[in-house]
Structure formats: C-alpha cells, structure tokens
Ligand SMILES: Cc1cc2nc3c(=O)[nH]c(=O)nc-3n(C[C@H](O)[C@H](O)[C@H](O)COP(=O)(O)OP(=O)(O)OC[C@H]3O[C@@H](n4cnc5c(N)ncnc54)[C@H](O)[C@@H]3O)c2cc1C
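Heads up, the chain below is alone and in the form predicted alone; it's given as structure tokens.
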C-alpha cells in the first residue's frame, strides 16, 4: 500500500503523481542534470508553486494551506516515485521547521516569502559556531557539512553551536568570492538536486534573524519523516520496475521471474518497501504526539527506513541485470537518490543509539481508539472485569503454551463474550477493530490478562463458518470456557510446508472413519482434549482435493502422543501417531474432500493484533542486560542493539496498525498480512542474533528453565542463549520465511511459476 490510507490522502497522492508525470517527466530531468546540480530551479517549479505543494503545511495566515506533516509526507512519497527534481524537499523541510518555531522578528515575513515560492535549505554541522556581539546580534563562523539544496537557495536556516547550546539563524548566502556567507557547490550524488556547503567567515546576523523556539525533537521528526517518505516512493518505483522486468525477461526459455531465487529477491524488496512506508507513516502521524513519542518515531524512521531504501535500490539493479547498470536506464538515478536520502539523514548508528535511549524511557503508542471513546462499552467491560476479579481463582492458571483451564473467572468472561469478542454472537460480541481495541484497553487497565484459547483461536472460526449447528454447540462454548484444549494435527514428517502432500489416511467404515498416520510438531498435543486433523480420504483425487477435516478426541484408542526434545533441551512440541483411530461421522467437518478449503480458513484466522510481541528476541531481554550492573558489554553498544531490536518491533507494530486502519476503511489490504508474517519471523531471528553479539562470555552458559524439562514461556526471563536456540519454532511454524516469500512472489507480486 502507499503511504496514504484515507480517501482524502489517496486523492491527494493521485493528483500529485499525475501532475508530476506531466510537469517533470524523467526525460526532461535528464536533459537538465547539469543545471539542477548547480542549483537551477526546474521548469516545473512555477507549476509546483501554483499547485501549492510547497506550502501545503504552512499556516494559512502566512499563505499556506494549513495542512500537516502527514499531507506533506504523502506529497513527498509521490514526487519521489516520479523522481521529481529540484529544491522541493530541502525547501519544505526548512519551512516546516520554521513554521513550528516561535513567531518573532522576521519569521512571519520569511514564511510569507516561502509561501510565495522562495527556496530554502537546512544547514548544520559540527564546525559551525555562534558568538554574541556587542550589538545584541550574532557572529557566525565555520563550514557546514554538505546539505541538500544549498546552491540556489534563497534562504538558509543555519544551526550553530553557541556557548549556551544550539542556536538557529536565517542567512542569505552568495556564491561570489569574498562574501562572509559563501556557498560552495559540490558534485551531488543525486544528480537531480544541488548539494553544497556554507562557509561563514565572521558573518554578522542581526538579532531579528535568530529563530527561537525550535524544538530538537520536532526538527528530527520533520527531517526523518520527509526523508523516509521520499524513500518510500523510491522503494516503490524500484519494486515495480524490478517486478515488471522479471515478469517478461527470459533466460533459458523461461521468464526469470519464475526462478525461486529471483522471486525471493523480489518478495524481500516488497517487505522492505512496506517497512519503509510504515516507518514514514508512523513518523508523520507522530506530529501531534508528545516529544517522547516524536523522538521514538523519528529515530525509528532514521534507523529503519533510510538504510533499507539503499538495499532496495541495489536489489532492483541486481534484478535488472546489466541494463540496470547503464547510464541510459533510470534505475541509477533512483539508486543515487536512495543513497542521497540515507546520507542526508545522518549516520545509521546515531539513529539506532537515539532509538535505544528513547526506548529506555518511553514506549511507542500504537493505539488507534481515543481513551474516552465508547464510554458505554468501557463501563460495561470494566464492570464485568471488576466482577471477575472478585470470583475465586479455581481454574488452572496458564502455563507456557497451555491457556488457563476452566474456572469461574473464565466462565464469566465467556458468558460475557469477552474471551473472543470478535466472534459472532452468542459466542462473542461481533466486535469490530475499534471495539476490540477498547476491550483490550479495559483488560490492561484492570490489570487482567485477556484470555486466549491458543489453538482454539484458529479452530473455532472454522467451526463457526463450516461446522454444523451441533458441532458449534458441542465445542464452541466449552472451548471458550477453558474446558476444552485443542491441538492442530496438520504437519507430517513428509509434508511440512507442503501441507497438501500429507499421507495420513482416513478410511470410511460404518458410522465413521478410521485414521492412520503420523503427525509432527504439534504444540499442546500432550495437553489437548481434541485435535483438528487433516487426512486423505480420496487417494485418486489431486492432492489438494482429496483431503478431509476431522475433529479427533485425543483420548481415543490408537492416539499416541510422544514429546519431541528439541535443541534447547526442552519438549515444547510433540509427534502424534494415529493407529486406526476411529472418528465418528459427526466429527467430520463439512463434506469429504473439503479439508483443504477448511484448512485455509483455519490458518487465515487470527485475532486482531494490537502490537508486536515477539516470542524470541524481545527487546526486553536487551533491557535486562542494561539493568545488570555486572554485565561487561559497553553500555553504548547494548543501547545500540536495543535500538535495532526496538526498531524491528516498531516496524511490526506500524504494519499491524496500518492493516487495522485499512480494514476499518474497507481498503484492500494488499500485501500487508503476508509482509507481517515474513517480517515477524525476520524480526525474531535478527533480534535474537543481535542480542548474542553483546552477551560476551555470558553466551558460554545456557541454562534451560526447570533443568531442561519445562516450558520456556513459564520463565519470564528465559536464558538468552536458550531463547536463541528456540528460534526454529518460529522460523518453521506456519511456513518458513522462504515459503512465505514464495506466497508473496506468486500471489501478491503475481510472478510466473
């Protein structure tokens, strides 16, 4: 999906893209690269000003449209997709910083000048110094770092270091030798924009040209949001260009897009593009949040989106092959812009450290419902939860993967439809995303854990859609009350990711079916009362068609559950042997041969995700290291690792929230769900690996919980090495990363088989 979610933003995006294609086609840009690099305005600039795209965010009293950073980010993404040239990005970045500053001195006049079409650039660097002079003004010295848009800018906003901290000033510069504010032109990486440095030699600035009230968190947010939004546009172009090429380019008499290695590259490009977009979107929406939230969002965009766009551009070149490495192909222009955007944002390590430090004091808010919304529902749920708190804790508490079993508390929650509020009545409350969010918030406010039926969350939706009324009555309420546990008997030793290749047989007998076969990697099978089992009922039918969906009583004769001891030394999973297990006809769901369709329903059903809890590689484990005074790793390195881990978790949460909001707006979710599945596994893998890098000698020790016989989830501070060794449970579960990439390549990108 593009950055825009609302109808208004999508209309804005469409109009900007169409205008840019007409006003500044890439062929025209190519013909004027020398002038653009020197700071000349493109021929499209007057039209851009007439459209008001440069002043969308400025206050109406100064000639702007009074919009916000979200609208500006939408425009930035679309202009970058079209490789729009010239000073738009440095100009709007500068004016957005000025627009949020204290209005005094010449500031109103400057905003009006910018609204009329003046260009500007933001200048900073460790060598810039400011000292007060005897007139009440300032004297500036030093040379800035290279910055976008400096050559050709009408106005420069300069950040310099004074004795009492940072100060901001507006400066009019010149390219003529001898001036006290001299612009040096540099050869730009992005050939469509100018780059230069500002040299200040005892340059005097009157007091009226000092800009006060500039908030550092706001500056970082503006800069990284707009850079990340442009990065999203560049990534989108790179993805579309690469996919179009591999669909049609043939090698060995086949489209290269049919080769798995190529498909995986393209699919990972999509994953990166969505992560970049989500980071830019989250940063833009932080404009109206407090400073702590802005620091988190800005650092996340800098640490995640900007490095990723360079990788995406490189992958585009690699998929295009030799043609993409030629001057004539536009790919290198987008590649150059990607490098320029990442460089303009500053060092990746700086943003990772900033994110780690910010995450020690705050957590990014991904809620989407006002705390006071739906007061009647809040009051009702709060009342029920208060009532539940007074009931006896007579059920078995949740242990590891096993949910709480039975008891008066869960029975009351089931009666109120709060165990699975998204289920239809009478099992749930028909709760949509907003209602689910409110209910989850009330559970959190009451200090109670929202109940889960674990595997039942996949099973019951299938029964409620495809099961008989008798099956629904028999299984739904007891599952919700915690009286029935479920396991899933799908995977087999010879049919893991290729689920349709299963070999377990179901033979028809009088009154039912007899099942024989072996299942594997079955979580909770040793606890489960019932299992959902796929078995082949027609050996002559194509493999997707001859499968049926059975409900198996795990206490039936012939069911043998054997724990699987893993590399961690623990036994979280099982293998299940079915030796002529009788299943009555009333436990066949739907008709024979419809099992594959039902399995797809089962695997597709997931409760609304409100955040990004990671089973492995959680950033909380990095926080544990920081809290341990005996840990030998340098604090700065651990903080940087924390920033990387939190960044991945925030990316996942932003993807989740975008999916929820798209669902509310009835938009096509596109690739969001598939991307979440891939990136969830990637985040757990990479977070866990990053944690290992700062363990040092601590990594020589691996202590399983309960001496190796317990469930790791029962220990809130599981050993980090054991945590890492347990990664395969998420890297394999639900299909490996590679299988998910196959799904994205073929079903989302529609690459040829």
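Computed from a prediction, not measured in an experiment: that's the story for all the values here. Numbering follows the first chain given and starts at 1.
Below: the form predicted in complex with the ligand, not depicted.
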Which of 426 to 434, 621 to 629, 547 to 555, 485 to 493 sits within 4.5 Å of the ligand in the model of the complex, heavy atom basis: 485 to 493
Select from the listed residues 135, 260, 326, 248 the one whose heavy atoms reach within 4.5 Å of the ligand in the model of the complex. 260
Among the candidates 168, 475, 530, 521, the residue which, in the model of the complex, approaches the ligand to within 4.5 Å (heavy atoms): 521
In the model of the complex, residue 573 touching the ligand (heavy atom, 4.5 Å): yes
Within a 4.5 Å heavy atom cut-off, is residue 739 in contact with the ligand in the model of the complex? yes
Contact test in the model of the complex: residue 59 vs the ligand, heavy atoms, 4.5 Å: no
Is the gap between residue 732 and the ligand in the model of the complex 4.5 Å or less for some heavy atom pair? yes
